[in-house]
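This document starts with one chain, in the form predicted on its own, laid out as structure tokens.
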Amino acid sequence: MTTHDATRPLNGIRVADFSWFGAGPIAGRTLADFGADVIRVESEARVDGLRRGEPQKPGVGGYNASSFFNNFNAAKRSLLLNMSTEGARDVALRLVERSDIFLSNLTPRVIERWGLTYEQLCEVKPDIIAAYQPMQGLWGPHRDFLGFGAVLTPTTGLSHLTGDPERRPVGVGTNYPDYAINPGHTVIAILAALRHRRRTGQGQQIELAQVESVAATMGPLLLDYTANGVNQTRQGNRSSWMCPHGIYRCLDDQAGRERWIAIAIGSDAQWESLRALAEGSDLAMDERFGTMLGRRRNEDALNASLSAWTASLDAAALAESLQSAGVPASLVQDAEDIVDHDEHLAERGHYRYLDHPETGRSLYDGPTVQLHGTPGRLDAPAPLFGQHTLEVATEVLGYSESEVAELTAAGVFS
């Protein structure tokens, strides 16, 4: 049985997690890190696509091998419940009745078909906190549109801004809003609703329209359009207020990997620090680059000169030298760098290794927030598919083992 540490702030809070893929499960994972009992509802009839996703450990297949899924669902319990079967809604409502939070990122159409709207949940649990994360919201002409981060980034204007000016939009290369913006906003809203309930005894509905959550990140660009009539477009790595601001090629490492450095200079003082390190080079002696205005006016020449200087240097050593001189810079790290060579993340213990029944010892992200008084903790891997069905059905929902057997035979627990 899953146990919870009384020192964690969400101990005693139970979450009925009817979400899937990214934004919902990551929000649930954050709650689990801080002590919540998160019961992930799944079904063979509608398997979460991430359970089939890559990467997977070589030689290990099936629903339990996806590193993607396992990282987002650590420390949860898995309950199989086929909502398309007769009697499944009664089981779902029984779970809601015994929970504090209902979490879903399904479309309103699915929620309505299953009979799990906020009003319907309140009939069995008046103080439930129901957090809905449909991509386009619970109402409006696009409410039933489907999509993930790869759809949200073009819908909200982010993709239009990514890439070089003379090329087509490239997007952010991943379903970025799913990992940070949407689950982060949802967790904050849930915590606010929990505080409200503690003070008033009242639950409430949370509607996190993912499109609005992501659109909120576009604030300065929208202001530039509404106030100045400027519709910004792709600028590559260039910044509106920093120069130079980009990625520059360095020496390849001993394994032949490309090495790059990111440099972002926001003041003339920072530029002077970089120029002192580049003493004797054409970059340091070119007077066109002495002021921010001069660098902006000659940005193409500046980037070419800067690239020529960095091309013969070790990226990691250069980044350290620049940082020591007060210049924002970083080695452009890959997965190997972050996991095996990043001494900062290692010192802070961000990555955790847990033993999983099928994938063995595997890497997980640690809690995303450090609370020094009531810290989060990751001490259980992701559940196997349906691993806790009997446990949850008997210990949480109160069914007898014979009733569980009957419901399983009827396809409800499947």
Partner chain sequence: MVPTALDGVRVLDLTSEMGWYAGKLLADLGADVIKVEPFGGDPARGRAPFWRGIPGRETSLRFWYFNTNKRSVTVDLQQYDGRWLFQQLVATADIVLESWTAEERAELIDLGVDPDEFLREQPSLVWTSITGFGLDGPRAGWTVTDIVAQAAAGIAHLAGYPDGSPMRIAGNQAYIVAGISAAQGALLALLQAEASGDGQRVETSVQEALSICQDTSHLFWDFQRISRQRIGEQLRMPGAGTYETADGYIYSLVGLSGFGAPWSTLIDWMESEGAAGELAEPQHREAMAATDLRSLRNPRINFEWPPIFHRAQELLVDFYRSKTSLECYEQGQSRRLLIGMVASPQDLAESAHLSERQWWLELDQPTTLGQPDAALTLPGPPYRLSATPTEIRRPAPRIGEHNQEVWVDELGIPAEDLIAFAGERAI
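Since the model is a prediction, treat every value here as computed from it, not as a measurement. Residue numbers count along the first chain shown, from 1.
One more form of this protein should be noted, the form predicted together with its partner chain, which is absent from this view; the next part is about it.
- Judged against its partner chain in the predicted bound form with a 4.5 angstroms heavy atom cut-off, the residues 201, 387 and 407 are out of contact without exception.
- Contact annotation: its partner chain lies within 4.5 Å of heavy atoms from the stretch 233 to 241 in the predicted bound form, the single such stretch among 75 to 83, 233 to 241, 276 to 284, 96 to 104.
- Among 302, 158, 88, 250, the residue placing a heavy atom within 4.5 Å of its partner chain in the predicted bound form is 158.
- Taking a 4.5 Å heavy atom cutoff to its partner chain in the predicted bound form, the contact residue among 269, 227, 293, 311 is 227.
- Among heavy atoms of residue 21, some come within 4.5 Å of its partner chain in the predicted bound form.
- Looking at residue 154, you'd find a heavy atom of it within 4.5 angstroms of its partner chain in the predicted bound form.
- Residue contact check for residue 127: none of its heavy atoms lie within 4.5 Å of its partner chain in the predicted bound form.
- None of the heavy atoms of residue 289 is located within 4.5 Å of its partner chain in the predicted bound form.
- Shown here without its partner chain, the chain has 137, 138, 139, 140, 141, 142, 143, 144, 145, 146, 147, 148, 150, 151, 154, 155, 156, 157, 158, 159, 160, 161, 162, 163, 164, 167, 168, 169, 170, 172, 173, 174, 175 in 137 to 175 lying with a heavy atom within 4.5 Å of that partner in the predicted bound form.
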